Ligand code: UDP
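We begin with a single chain expressed as structure tokens, specifically the form predicted alone.
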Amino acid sequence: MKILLTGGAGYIGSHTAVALLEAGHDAAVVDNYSNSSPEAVRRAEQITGKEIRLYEADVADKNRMMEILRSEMPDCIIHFAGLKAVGESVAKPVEYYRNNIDTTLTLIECMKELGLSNIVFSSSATVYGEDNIPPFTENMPKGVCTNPYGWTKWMQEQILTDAWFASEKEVISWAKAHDGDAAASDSGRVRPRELSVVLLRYFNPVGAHESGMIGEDPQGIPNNLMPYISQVAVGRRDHLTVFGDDYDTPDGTCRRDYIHVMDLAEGHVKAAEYSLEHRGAEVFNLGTGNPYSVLDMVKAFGDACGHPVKYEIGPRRAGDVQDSWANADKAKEILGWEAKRGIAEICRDAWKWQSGNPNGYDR
């Protein structure tokens, strides 16, 4: 199966490229390197011993994306491209709405024009909002998001679901116009195809490939917990600021469902394979179902690296919710996927990556 990964040079994308190649699939990557590095793709090739076709492009550039998609004509697109930091989105809401929504609109327009029908979307548990009570299940209503990043994911899910619904109606109309023969041609037009939209709601991706060759390497000051802990542990930063210790949790800090990035990557392989036999819009949670607090993670990382991670308590951060963890039974039942790696493996692999690459990919 040929898979195109938008944003595939990023953290989750590069690990998913490895998982796809190891599963026997073919991978191509499109990325503009706004928060990623082509070195990650090169190292993914080293890990697997296989080639990844790499295109430098902005996914919001329709002319360029049409060129790339015509060249590749992938069986499935996995759409990672987008800005992803909760705190930064509060400070830069317009940038987040413009970037994240434009890339999805452009991609779905290109797919329609070229007759491509399978897409797996990188969504987020933030769409559950504050009102739903964890563990979150896919049949819960989407909630009121607490930050612009979450709203972009909420909106992109809606755009893709609406696009599927319209594609279904178009296929039905086409078939009626051709006496039930949906395969008939119509003056050279691209025959409409019903979309397969798979929406993957991530919880908190962490860790690195077990080789230590690829991992999370954010530009500037990290916005997420694990790379900040890693950089403190390796000496790049003086200390971690824990945002709030007055939440209604056992140790006062927020609790999250931290999932190893390779478990997440393997979930994408299953989702892409599922997309070939599926029509419609389907949602899956990808998480472990086991919440850990911020201080749990700080302690576990200290155990992995062999020394305590220095931290200080600060005020709560805008946009954070207290608790978030998954019920991932649906992914296990339908996709045959479940998380296999725990907090010890997460911290071990993250430390192997960071200690072996103290300055990341050295952009």
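This structure is a prediction, so every number in the text was calculated from the model and none was measured. Numbering starts at 1 and follows the sequence shown.
The form predicted together with uridine-5'-diphosphate (UDP) exists for this protein as well; it is not shown, and the discussion that follows is about that form.
Stretch 248-256 is the contacting one of 248-256, 105-113, 272-280, 128-136, since its residues have non-hydrogen atoms within 4.5 Å of uridine-5'-diphosphate (UDP) in the predicted bound form. Among residues of the shown chain, Ile159 is not one whose heavy atoms approach uridine-5'-diphosphate (UDP) to within 4.5 Å in the predicted bound form. For Val294, a non-hydrogen atom is located within 4.5 Å of uridine-5'-diphosphate (UDP) in the predicted bound form, even though that partner is not displayed. Interface membership of Glu338, defined by any non-hydrogen atom within 4.5 Å of uridine-5'-diphosphate (UDP) in the predicted bound form, is ruled out.
uridine-5'-diphosphate (UDP) in the predicted bound form is approached by Arg317, whose closest heavy atom lies within 4.5 angstroms of it. Only one of Ser71, Ser211, Ser173, Thr241 lies close to uridine-5'-diphosphate (UDP) in the predicted bound form, with a heavy atom inside 4.5 Å, and it is Thr241. Asn223 is the sole member of Gln231, Thr146, Asn223, Ser117 with a non-hydrogen atom lying within 4.5 angstroms of uridine-5'-diphosphate (UDP) in the predicted bound form.
Residues of 322-356 placing a heavy atom within 4.5 Å of uridine-5'-diphosphate (UDP) in the predicted bound form: none.
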